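Okay, here we've got a single chain as structure tokens, the form predicted on its own, with questions on binding and movement later.
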């Protein structure tokens, strides 16, 4: 038995961290390494489902599961704590309630909303970030509808929802809103025509980089369901009364709203920046083996890593699909560092991308084939279920999976 087993510390139980820890116990034996997983909560939440929890179309408890249910507890020491700092020179992680020494560290701390310095966003806009922000947003929207008919003055700003960002998260949230708003109107005796949903996007198109035919389909569907788009229009300021938006060289417009949702981008976790890694908006341009440049004992994956696509000379988007694939590579490479062998280079295998437009509609490209409507929605659920299966097996998939395909 090895006397000084190397200590492996994995920070974050997101898609990348959980995939690393579940695979690592297969690549190294109990006498090869001490494995510790650190996470703020005792549960993992499906980040890619937060738009549903935020709109209220899926209960937040459906979007999470206990970490202990998917890790090998006899092999992995789980520490529920908040990471405060990573001291790379001292090989140490500072937690809210102590410290952990490591020989190897895997950083998968996820992302935080990127406000781009826009005044008032942090204070007055709702992010779609985690279980708690999603629960707060859902309850806030319901409160606005519940309050509308109780006041002598019928305030239009209570029924006006502004969504900043028409990327993946923004479009998926709008799809859920299109389904949820009619239900809220029926419940609270409100005419649907009184509700205004406005999407503001600074880029010249919805879903930048997506297939134009699928973008047109998504926009047309959402417009038919009451969504207004202001494309090429930037949010300039967020206030307690709403937002000021405008196109370049045009007079800004004030939209009065009690519900401003910010879904226009994320950045890597600030702890990664504070640790001293060279980074771009909290994301470290990792080596092909997913180690941080100049740090042979530090792996970074998920939202905090920047992995370049050599064909496009642009970074791959930090999706759950990529993070999970990175987790497998990191687990293999940790095994090889400990037991010997050449490290593996990470090669993303993009099987497809699908954006949901509510429960029964979606757009996407899967294995090079364009899909829209029910077939795309079916594939979205298959992708969600596959993610559960890869981490927690059949039991987790049956417990949390999506099986209402039509």
Ligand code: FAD
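No experiment lies behind these values; they were computed from the predicted model shown. Numbering follows the first chain given and starts at 1.
Beyond what is shown, the protein has a form predicted together with ligand FAD; the following relates to that form.
For the options 177, 199, 235, 301, the one in contact with ligand FAD in the predicted complex, meaning a heavy atom within 4.5 Å, is 301.
Taking a 4.5 Å heavy atom cutoff to ligand FAD in the predicted complex, the contact residue among 239, 319, 279, 144 is 319. Here the chain stands alone, but in the predicted complex its contact with ligand FAD, taken as any heavy atom within 4.5 Å, falls in 80-88 among 144-152, 288-296, 80-88, 180-188.
Mapping the unseen interface onto this chain, residue 13 counts among the residues with a heavy atom inside 4.5 Å of ligand FAD in the predicted complex. When contacts are judged by a 4.5 Å heavy atom cut-off, residue 328 does not count as touching ligand FAD in the predicted complex. Not displayed here, ligand FAD is kept clear of residue 272 by more than 4.5 Å at the level of heavy atoms in the predicted complex. Contact annotation for residue 333: none of its heavy atoms lies within 4.5 Å of ligand FAD in the predicted complex.
Although ligand FAD is omitted here, in the predicted complex none of 23, 104 and 346 has a heavy atom within 4.5 Å of it.
In sequence order, 168, 169, 172 are the residues of 142-172 having a heavy atom within 4.5 Å of ligand FAD in the predicted complex; the partner itself is omitted from this view.
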